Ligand SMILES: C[S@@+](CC[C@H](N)C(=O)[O-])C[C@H]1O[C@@H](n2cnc3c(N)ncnc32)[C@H](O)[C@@H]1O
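Only one chain is shown below, in structure tokens, and it's the form predicted on its own.
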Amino acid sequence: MPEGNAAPAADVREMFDRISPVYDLMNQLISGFQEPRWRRRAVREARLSRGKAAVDVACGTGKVTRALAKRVGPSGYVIGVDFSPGMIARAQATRAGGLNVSFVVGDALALPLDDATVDAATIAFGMRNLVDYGRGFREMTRVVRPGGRVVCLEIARPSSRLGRAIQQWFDRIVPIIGRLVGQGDAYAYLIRSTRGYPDPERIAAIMRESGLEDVRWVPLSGGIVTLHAGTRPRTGPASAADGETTAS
């Protein structure tokens, strides 16, 4: 049995369609306005330069996608993929002047890209929604060129005292804010999905099992969010290298 989200994918898709108008505002509020900093860190970890290509999986309204596009410039390209038509419509409505970026409705478990066609694959706050985490990472690894990067930014269950205190606040306040915007069920699901998500060590192991090497992870903001990154091997099988960096 694969490790993944037990919620039916169709129900999760409908939920994201429904919350798409308030998604960005809610991200700011429930993150304590830390989400832009986390997003910038994920974009840096992709290690992209001018003229490169990337895919942003579960792209939502496209904030990470557009930030990646700024990194690669007009001579590069970035594609944002999300299974929610509502999210893709919001992403397409936000112009990215002078940037080679596109958004498509697609499945994270069957990305609409050929093998080894991009230099980096990112996913921000989307992995925990997939029914099969391993397959999600394998798809990202498949579409990345040898030497390319796979980056995952996700909510975590912290182990530090500070992190647990922040998490308790998060668990209490998120459903309340969700009810205030008329989306109580959706944001109750958010709490459930974080509780069922594997710990950072297990996610790192799944990434290695998916063919990535030099897998590293770093806790952010007391460990309530974790940033994982790995590299597709240039030649031969992936190594077993793995570790944790210093917290920030």
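One rule holds for the numbers: they count along the sequence shown, beginning at 1. Remember, it's a predicted structure, so these values are computed and weren't measured experimentally.
If you look for the form predicted in complex with the ligand, you will not find it shown, but the lines that follow are about it.
At a distance of at most 4.5 angstroms from the ligand in the model of the complex, all three residues Ser84, Phe125 and Arg128 contribute at least one non-hydrogen atom.
Of the listed positions (Thr194, Gln183, Ser221, Asn27), a single one reaches within 4.5 angstroms of the ligand by any non-hydrogen atom in the model of the complex, namely Asn27.
This chain lacks the partner; the member of Ala58, Ile206, Val43, Ala69 within 4.5 angstroms of the ligand in the model of the complex by a non-hydrogen atom is Ala58.
Only one segment in the set 70 to 78, 129 to 137, 144 to 152, 113 to 121 has any non-hydrogen atom within 4.5 angstroms of the ligand in the model of the complex, and it is 129 to 137. Heavy atoms of Gly106 reach within 4.5 Å of the ligand in the model of the complex, making it an interface residue. Taking the partner from the other structure, the ligand in the model of the complex has no heavy atom within 4.5 Å of any heavy atom of Val22. Though the partner is left out of this view, Arg47 does not reach within 4.5 Å of the ligand in the model of the complex, counting heavy atoms only. Among residues of the shown chain, Arg39 is one whose heavy atoms approach the ligand to within 4.5 Å in the model of the complex. Taking a 4.5 Å heavy atom cutoff to the ligand in the model of the complex, the contacting residues in 1 to 25 are Val12, Phe16, Tyr23.
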